[in-house]
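Encoded as structure tokens, the following chain is the form predicted alone, with no partner shown.
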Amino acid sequence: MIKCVVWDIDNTVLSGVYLESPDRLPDADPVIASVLRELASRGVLHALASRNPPEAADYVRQVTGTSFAAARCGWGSKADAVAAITAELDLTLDAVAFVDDDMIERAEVAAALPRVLVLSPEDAADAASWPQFGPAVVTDEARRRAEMYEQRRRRQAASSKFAGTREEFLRQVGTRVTIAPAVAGDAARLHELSVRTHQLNSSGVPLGAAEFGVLIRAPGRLVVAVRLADDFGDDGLVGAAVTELDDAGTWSVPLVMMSCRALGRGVLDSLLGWLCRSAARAGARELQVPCLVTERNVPMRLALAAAGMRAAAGAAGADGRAIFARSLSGELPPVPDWVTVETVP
């Protein structure tokens, strides 16, 4: 799925060249403006990469009515701009598309960033009908995605000025995490997370909403949903875990997943700490998380290690998964007091 489209400005989003129209700035291209609105309604982010002064981005926001999650305006390489935007938004390159009317610019980006989907404006006009731009479901979180990235930008700006520790900052901005049993109404969002989340996903296997519905109702299993908010805004449902306790005293967690928006905000650490403590209260002697070993989910594996879970060296099986396990005796990972647990067995 394409999560973000990076747009050129001149003769792409605008029907003309910004710097060559001093008397009357060009209008938004009506076809592209329609594509911007449609993709945004599906939760696709938009960004700008243009050889223009920064005020061009402000003008484009005004004439299109579109919220752009990032903008790189200047006279450097478009490939560098796209790479910088991808890093700023914590996306992978294969989740990004780039649109430019200039064939040379498109060729440069395609050569430097082969995982990026490179399109002409004519291609982009049809993109709304392509499967990689059409999620199976559109959740409330998806419709608010651009708004949440704006909140993220303000949060990061505040963090950069804060002199204390990360934990002190999270407390100061009123971080609130809720862990509760998932309900049927969460299934569509859980499906969306399983499709979109790669860096913080232990399974790596997308599950449909119907499959999550079965898991939520299944006896002997517990599906928990994790929600996140702070004084900057409400991120909604950002993560989940599926757990099961076997007769041998092992609590297995076949799926842990978390939105990248929650990265660095203490949410995954809190969930893993809660899993350890809940498993111990249930009488389990060991917690196990089977985790797919890929280049993309290194952040997930680092989080598992930080929670005291270890996989034997070279332990990945034929399916590419390693079992991260830890004993539940002794001191367990902490759960901050800004985490609320709602009636979880």
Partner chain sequence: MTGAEPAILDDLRQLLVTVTGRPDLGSVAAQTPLFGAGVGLDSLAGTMLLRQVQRRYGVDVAAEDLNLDALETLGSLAAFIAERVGEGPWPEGQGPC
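Here, rigid core means the biggest group of C-alpha atoms that superpose within 1.5 Å across both forms. All of these numbers come straight from a predicted model, not from anything done at the bench. Positions refer to the first chain, counted from 1.
Keep in mind that the form predicted together with its partner chain is missing from the display, and what follows is about it.
- Looking at P26, you'd find every heavy atom of it more than 4.5 angstroms from its partner chain in the model of the complex.
- Contact check for R115: every heavy atom lies farther than 4.5 Å from its partner chain in the model of the complex.
- A residue is said to contact a partner when one of its heavy atoms sits within 4.5 Å of a partner heavy atom; A33 fails this definition for its partner chain in the model of the complex, lying far away.
- The closest heavy atom approach of L263 to its partner chain in the model of the complex falls within 4.5 Å.
- Only one segment in the set 199-207, 233-241, 178-186, 91-99 has any non-hydrogen atom within 4.5 angstroms of its partner chain in the model of the complex, and it is 199-207.
- Exactly one listed residue, out of C276, L45, A70, A303, brings a non-hydrogen atom to within 4.5 Å of its partner chain in the model of the complex: A303.
- Proximity to its partner chain in the model of the complex, defined as a heavy atom within 4.5 Å, holds among A87, A218, I104, A136 only for I104.
- Scanning 48-66 for heavy atoms within 4.5 Å of its partner chain in the model of the complex gives just one residue, R51.
- Relative to the superposed core, I104 shifts its CA atom by 2 Å or more between this form and the one not shown.
- For G74, the Cα coordinates differ by 2 angstroms or more between this form and the one not shown after the core has been superposed.
- Note on F162 and C73: their C-alpha atoms are more widely spaced in the model of the complex, a change of at least 3 Å from this conformation.
- The pair S259 and F98 is at least 3 angstroms closer at the CA level in the model of the complex than in the present model.
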